[in-house]
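Just the one chain here, the form predicted alone, laid out as structure tokens.
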Amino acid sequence: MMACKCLATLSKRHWADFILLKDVNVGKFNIHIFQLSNLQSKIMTQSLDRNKLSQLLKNEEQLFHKNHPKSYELYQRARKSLHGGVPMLWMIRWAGSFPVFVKEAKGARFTDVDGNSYIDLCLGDTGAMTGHAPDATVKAIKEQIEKGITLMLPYEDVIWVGEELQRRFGLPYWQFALTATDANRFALRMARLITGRPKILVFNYCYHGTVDETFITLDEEGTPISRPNNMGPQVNPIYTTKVIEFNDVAALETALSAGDVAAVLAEPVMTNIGIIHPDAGYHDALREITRRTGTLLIIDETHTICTGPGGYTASHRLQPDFLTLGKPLAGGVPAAIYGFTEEVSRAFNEKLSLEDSDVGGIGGTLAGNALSIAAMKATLQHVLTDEFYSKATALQERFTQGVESVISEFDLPWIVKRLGNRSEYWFRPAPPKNGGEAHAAIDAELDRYMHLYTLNRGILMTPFHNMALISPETTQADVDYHTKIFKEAVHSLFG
């Protein structure tokens, strides 16, 4: 807290970072007592020597080059045939100035072409949350490959998968895709067809893959704009989408009251801008308002499947109209699902033209292929089990405690947030309530240093976050080693 006299030199744009708590009479003076909010993190991290950080980062870059000569050689060769020298453009953003080329991966570890071994706490950004090449999934893949990979016809195993999805998530009907992006696209098409409404609603700095309509954000004045660097949008999302902050019930009520929103597309816990939990009662309000306004609710569990076998939906008894999920569902083989209620199924069938269904924009030639279905069945049956989550979550708790112990030892204004077997540390003293607050807290240079420091010492974190995923193949020794390296990184900055 501080008196208003101390704030006299602040610019107008920073006044919003303070919360007026109360007025106090001291003699003949009236003192205004404020509490710091967003700006608090900026003030409390001023002790970080930026010049020192810059030099340390250069040192780590040099060490990375020294330890990865074959990766660098392959990167230079790749640049002659692959745009940016990588198979997917954003890979150029990894903490090193070129990517690590992988030789092989198993369980919670991988080895690069230079012979360096890593504890993998990225795990394909959830795609390999099962651990790399789980035995049961690999066995099923080998057996299915010899019997056919894709036919555009159903297989008996698809019924088992559908029944298992019913059991886990509580929705009666399911369809298949290859990515969660496609699952979301298909669900949104269904929602617009059913409701006859043109718009959708998402949350600021949401993540739903590459769904065109979701690349929208709020500027500093709270005005919806196309997300910076939204590459060549077919239609500016301000015409297709409404965007509000997570945890803002009043904004949700206002946005849906117009009756033009077909569906709310939401992660039950925001993850891609950091782990942001819903306020108490928020999901109850979200469900009540969507039902009252005739708006369908789509819950995207692609990251939050880390919560448990039935995702956040089952753990917290949510009641969505649609549920979408991809990434780890088939142990790393491309596969995704979308499920929906009896009411959605009935309303959709009433408007479905069977003769034109193959050109209606829903489905794909390889969706539900035999290989993906076999891998999905094996992964659901033998890998993503109650035992999986019990072991991985316990290890994640140990991981979180280790990071928190270092933060406490160095008296840093940082925090750790956790969801199931996923956790993340933040360079701010209080958890953000929404995407706008989370985005404002990003320290790209410090992020990059922490990533590169751990990478150079045999630990891979999730890129563009300070996030770690734990698989059951991770060991206590792996977790404790991260705590040791994290402490060394912190000491290099503040010691």
Ligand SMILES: Cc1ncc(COP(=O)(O)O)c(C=O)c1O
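Being a predicted model, the structure only gives us computed values, none of them experimental. The first residue of the sequence shown is number 1, and the count goes up from there.
Form predicted in complex with the named molecule: not shown, discussed below.
With the partner omitted here, the stretch from 308 to 316, 145 to 153, 180 to 188, 364 to 372 that lies within 4.5 Å of the named molecule by heavy atoms in the predicted complex is 180 to 188.
Scanning Tyr207, Phe348, Trp160, Trp174 against the named molecule in the predicted complex with a 4.5 Å heavy atom cut-off leaves one residue, Tyr207. The contact with the named molecule in the predicted complex, taken as any heavy atom within 4.5 Å, belongs to Thr302 out of Thr214, Thr137, Thr302, Thr130. Contact between Glu267 and the named molecule in the predicted complex is found at the 4.5 Å heavy atom cutoff. Using a 4.5 angstroms limit between non-hydrogen atoms, Lys327 touches the named molecule in the predicted complex.
Under a 4.5 angstroms non-hydrogen atom cutoff, the named molecule in the predicted complex lacks Glu253 among its neighbouring residues. Using a 4.5 angstroms threshold between heavy atoms, Glu164 stays clear of the named molecule in the predicted complex. Residue Asp125 is the only member of 117 to 150 with a non-hydrogen atom no more than 4.5 angstroms from the named molecule in the predicted complex.
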